[in-house]
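One chain comes next, on its own, written out as structure tokens in the form predicted alone.
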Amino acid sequence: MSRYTASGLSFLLDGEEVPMAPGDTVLQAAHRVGRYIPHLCWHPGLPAHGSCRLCMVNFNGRPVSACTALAAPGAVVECQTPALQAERRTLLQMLFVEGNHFCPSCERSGNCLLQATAYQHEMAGPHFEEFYPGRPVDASHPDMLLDHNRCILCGLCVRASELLDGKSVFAIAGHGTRCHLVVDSPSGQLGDSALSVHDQAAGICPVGALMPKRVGFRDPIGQRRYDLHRVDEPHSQEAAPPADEETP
């Protein structure tokens, strides 16, 4: 028995009991038992960022982000309501039109969390007029490619580089429509940075913005993660839960 079930504490998520430990966020507890709450900027091995807002839930009737809201014994949490699903679909549509996401030609198609989440929410089209911004592609690194057109500013690479790799290669600069990912190097180019293809930050991007070179089509279309699994299947959003996270 894990310490989570031994605690005897739980809350209700869409009518089903979820065991929790003191200090858990709603998303942490739900993720531990394989319950799906949509998210893009959250990762079980990193502190919450609370920026994508896809994980918004009703917590005892109040809207909160599940990645930052602490779970409470006896709380009633609603996630899969028609209204919340519609709001998430609108957020996804805005993410798609804000960047340049051409899924059929993207190497990450089938392995992209944004694409899979859009399918999960039955997003049939962008709905809004696309911005089609002109953004650079940084191919200066010998092993990695940075395509700013696909970046959704989730901040996962920023946190992973700082907290897991101890390098702080990335940061987010600017405000509003000028907000963008920047690279800490003398030239501002990835090739002059301390990033290694073996860094945690190099493998954590949920979309096709930061990708290793020469392996893009290693997995044939039809055999990629979301070709084989739905995004709401347990632990299909990340490659693997962290080693120190207990399972019930």
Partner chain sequence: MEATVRTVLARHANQPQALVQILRELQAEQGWLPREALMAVAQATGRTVADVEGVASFYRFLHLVPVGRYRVLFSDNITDRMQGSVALMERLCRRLGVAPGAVRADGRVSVAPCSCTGLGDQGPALLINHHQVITRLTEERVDAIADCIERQLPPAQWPAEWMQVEDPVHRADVLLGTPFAPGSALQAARALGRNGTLEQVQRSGLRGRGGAGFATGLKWELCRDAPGAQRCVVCNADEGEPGTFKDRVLLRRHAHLVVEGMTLAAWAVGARRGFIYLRGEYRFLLEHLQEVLRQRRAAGLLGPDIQGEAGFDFDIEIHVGAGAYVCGEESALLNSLEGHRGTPRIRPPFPVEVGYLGQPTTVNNVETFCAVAHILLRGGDWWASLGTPKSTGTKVHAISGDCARPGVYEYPLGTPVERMLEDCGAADTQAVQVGGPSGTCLSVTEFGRCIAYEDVPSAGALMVFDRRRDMFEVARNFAHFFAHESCGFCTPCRVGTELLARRMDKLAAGHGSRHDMSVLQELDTLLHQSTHCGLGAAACNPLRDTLLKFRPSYERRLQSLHFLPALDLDAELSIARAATGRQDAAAHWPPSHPTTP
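It should be emphasised that the depicted structure is a prediction, and the values quoted were computed from it without experimental measurement. Positions refer to the first chain, counted from 1.
The next section is about a form of this same protein that is not shown, the form predicted together with the partner chain.
Engineer: Is it the case that C52, A171 and V182 all touch the partner chain in the model of the complex, with a non-hydrogen atom of each within 4.5 angstroms?
Structural biologist: Judged in the model of the complex, C52, A171 and V182 all sit within 4.5 Å of the partner chain.
Engineer: With the partner left out here, check for me: in the model of the complex, does some heavy atom of V77 sit within 4.5 Å of the partner chain?
Structural biologist: Result no; V77 lies far from the partner chain in the model of the complex.
Engineer: State yes or no: in the model of the complex, is some non-hydrogen atom of M56 no more than 4.5 angstroms from a non-hydrogen atom of the partner chain?
Structural biologist: M56: contacts the partner chain in the model of the complex.
Engineer: Test of understanding: in the model of the complex, would T81 fall inside 4.5 Å of the partner chain by heavy atoms?
Structural biologist: T81: no, not in contact with the partner chain in the model of the complex.
Engineer: Look up in the model of the complex whether N100 has a non-hydrogen atom within 4.5 angstroms of the partner chain, and give yes or no.
Structural biologist: Because no heavy atom of N100 falls inside 4.5 Å of the partner chain in the model of the complex, the answer is no.
Engineer: Where, among 103-111, 149-157, 117-125, 136-144, do residues come within 4.5 Å of the partner chain in the model of the complex by heavy atom distance?
Structural biologist: In the other structure, the partner sits against 149-157.
Engineer: Which residue, G203, P63, G34, P44, is the contact with the partner chain in the model of the complex, using a 4.5 Å heavy atom cutoff?
Structural biologist: Looking at G203, P63, G34, P44 one by one, just P63 meets the 4.5 Å heavy-atom criterion.
Engineer: Is any part of 75-95 within 4.5 angstroms of the partner chain in the model of the complex by a non-hydrogen atom, and which residues would that be?
Structural biologist: Stretch hits, in order: E87, T90, L91, M94, L95.
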